[in-house]
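Quick setup: one chain, the form predicted alone, written in structure tokens, and binding and motion questions come after.
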């Protein structure tokens, strides 16, 4: 049988092709750059993301498949592409001044962000396990390098090494799980795996159960689900702050996109078996993340455990596996991009070349030193708490509503209680900014203006407020985008 590439094959992977192609262009431009700022490379990267976002938007409603059905350009993958593009664009904006402050003149930084984004797009659009693995490894290898970009910083080197070692360990679990499922079903195509599971005798095959378990463990590491979260706080603390912002949103959204594909399209017939596993993981993840976050004095570590907790909220929506639940995951992924990157943008703006300003004590009286930044931080914290009129509230409400509608009452109770617990450490920074007097160690000068950071903070703030006040458009789009998966579930 001969295999010929067609226009449809390339059209299905056009957004990721733009990312990989422009990543190589950025690398080439870096070799031609003799000295000076890397900002022109950032501009090229932003234009590349705009092109990929446009390519994704114009394909909405198409649903074409390419490369013998191993990739698909359906609304689910294209909607997640828009989330990936938004996240990376905001990260590039906050990276421009961060690289200047840190003395990093490595143009390959932006190429790696584009490669990582391309890997995320491959993960979301893959219909077979091998393609998911390829996308995941492109994302992972790029992320390992990004974590170690501060070559002279021991913490950055340690962060990259820990991430690499534990990431490789998780990859082993994931790959063994894929091999076992292939051994049991004779295919790596997700829809063919789902068809094979229609045969009752398949459930007596132990390879199916071991394979599913290993896949859950592998994705658990990648998504920082408890008890597979141990790498997260150290990696987040040691990585460059702009990279930490990227790790907290992009790879997490891509991991959930791939996990949804695998569990719904591949292992959907085993929902009654894996839903309680995810029930336990969701409850454990959100509880551990929130309880340990209370004890942190370093804001990056606090945000690391906060990220773990939010992964637990999102996983709760996957438990129910309904259109409303999966739509809530897509909705919340975009909200989380805005509110999390907004916080990191403020941290970068407040930092100095000699002091990153990452402890709570650094922000004593900050609301009076810089009223606008203090107000923005306050709004982002309100959204993370899930207070009404913010995107965080609407996202959590949708998740808990979907959980309750399917009868998982106790999971919803655990989620709501954890949201209450999170108020303590999110409100802590607000109390520090407005209710504690400044001292010699706190920020006493107004941060210098930076146009890229101002754009990133303004866009993030607008996203959080808009999705909190007028959420209907993105909510409806999210539900429509996941309907293509639920229809075959």
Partner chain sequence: MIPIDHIMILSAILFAIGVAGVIIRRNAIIVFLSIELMLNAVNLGFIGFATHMHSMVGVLFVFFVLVVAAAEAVVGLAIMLEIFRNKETLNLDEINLLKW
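In this text, all values refer to a predicted model and were calculated from it rather than measured experimentally. Positions refer to the first chain, counted from 1.
Here the subject shifts to the form predicted together with its partner chain, a form of this protein not shown in this document.
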{"item": "Non-hydrogen atom contact residue 387 with its partner chain in the predicted complex at 4.5 angstroms", "value": "no"}
{"item": "Touches its partner chain in the predicted complex: residue 176 (any heavy atom, 4.5 Å)", "value": "yes"}
{"item": "Residue contact check: residue 357 to its partner chain in the predicted complex, 4.5 Å heavy atom", "value": "no"}
{"item": "Non-hydrogen atom contact residue 238 with its partner chain in the predicted complex at 4.5 angstroms", "value": "yes"}
{"item": "Region of this chain that lies against its partner chain in the predicted complex, out of 334-342, 143-151, 196-204, 358-366 [heavy atom, 4.5 Å]", "value": "143-151"}
{"item": "Residue among 258, 129, 350, 111 with a heavy atom within 4.5 Å of its partner chain in the predicted complex", "value": "129"}
{"item": "Candidate from 408, 133, 400, 274 lying within 4.5 Å of its partner chain in the predicted complex - any heavy atom", "value": "133"}
{"item": "Its partner chain in the predicted complex - contacting residues of 51-69, heavy atom within 4.5 Å", "value": "none"}
